[in-house]
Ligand SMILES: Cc1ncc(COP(=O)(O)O)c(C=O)c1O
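Presented below, as structure tokens, is a lone chain in the form predicted alone.
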């Protein structure tokens, strides 16, 4: 019988496992984030800011699980809390104290939160928050912003990765299998264009139930006044404003983007960073809007259905309580700012040394390296100037030298990253940019 501690692990080499993955996994990967074969890795373990491959190579990790590992890999406090809970049970489908305590903490931390509803993934959160918005307003259409990523639900897959400007306020679907009829239900506007957004909202106010926005849209910071203009327009017409804070929540500040940018939505979606690496997501918001979800005491047709087997499970809730305890410590966000700022400025300086148009766009805690002249892009269309071929070469060269990133994606900073990590990272980035500059 196999040792339970090593179930699924063998002495196979990384090359053998990559070959096997190509045969048994759709696309040879776990999703869309993947590296070219010559740089691809199979991870054995993570500790703090580092990942170690099955072949024993160590990487400074800036993917951080695509964002969830804000407190670092295998933080002892999170592991201790989860191990304790696991001995008492992993999921009950009933109320449990960790879920109740976590809800209490979130309401204290999140400006818009008067009640919360647990879900399991970010896609669940955005999809169901839109359902609640439509139910509350009694209108069917939604507005999103071009280039915004709100998971893979059908409503989210319009105007997400277009190769040119959309025919605003209409956009093409980004995915096969999305019903064409939904194209009439999803309006799209360019991010950071307050005047146009207000115009669309005013013109379609009688049809719009909800507006959803990433307050930090991928690597695009909101222009001063943009989020407030959208907030005001939604308030004017009784439209539910939803902040997708899956990335920004508990990352940009303790109160997330709402605190950092000073604009409060009606609903907000949380996930990734809040749960210390465990699957958990949350919809938080004003009581009168959250009431659309109702409960089983109400007739089925009088509620916006939102339920799931693992919602509010004690493992994810316990992990989140431990992670939030760590993030609430004095100086945490100052340190994240300092480490991220030093890395961003060092990357851009290295680009200038090599004569390359390198921009580290976004916020200090989460940013993206883009090869483009425009240092202050405002919209998705602006970002299309990015030289993706350079970005791919850069990422592959970084991975080969010991930094784990994905081409043309984001760097996530964690509380585990150190000045020594930044020193080594900037050395590697200098070497990678030298290869890029050589063509």
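Residue numbers count along the first chain shown, from 1. Keep in mind the model is a prediction, meaning the values are calculated, not measured.
Omitted from view is the form predicted in complex with the ligand, to which the following refers.
Candidate stretches 318-326, 343-351, 230-238, 149-157 - the one whose heavy atoms come within 4.5 Å of the ligand in the predicted complex: Result for this chain: 149-157.
Site test, 166, 170 and 382 vs the ligand in the predicted complex, non-hydrogen atom cutoff 4.5 Å: No.
The ligand contact in the predicted complex: residue 121, any heavy atom under 4.5 Å: Yes, residue 121 lies within 4.5 Å of the ligand in the predicted complex.
In the predicted complex, residue 126 touching the ligand (heavy atom, 4.5 Å): Answer yes; at least one heavy atom of residue 126 falls within 4.5 Å of the ligand in the predicted complex.
Interface membership of residue 272, the ligand in the predicted complex, 4.5 Å heavy atom rule: Result yes; residue 272 sits at the interface with the ligand in the predicted complex.
Non-hydrogen atom contact residue 242 with the ligand in the predicted complex at 4.5 angstroms: Outside the cut-off, so no.
The single option of 366, 71, 246, 292 touching the ligand in the predicted complex, heavy atom within 4.5 Å: It is 246 that has a heavy atom within 4.5 Å of the partner.
Contact residue in the predicted complex, from 139, 204, 131, 218 (heavy atom within 4.5 Å of the ligand): Result of the distance check: 218.
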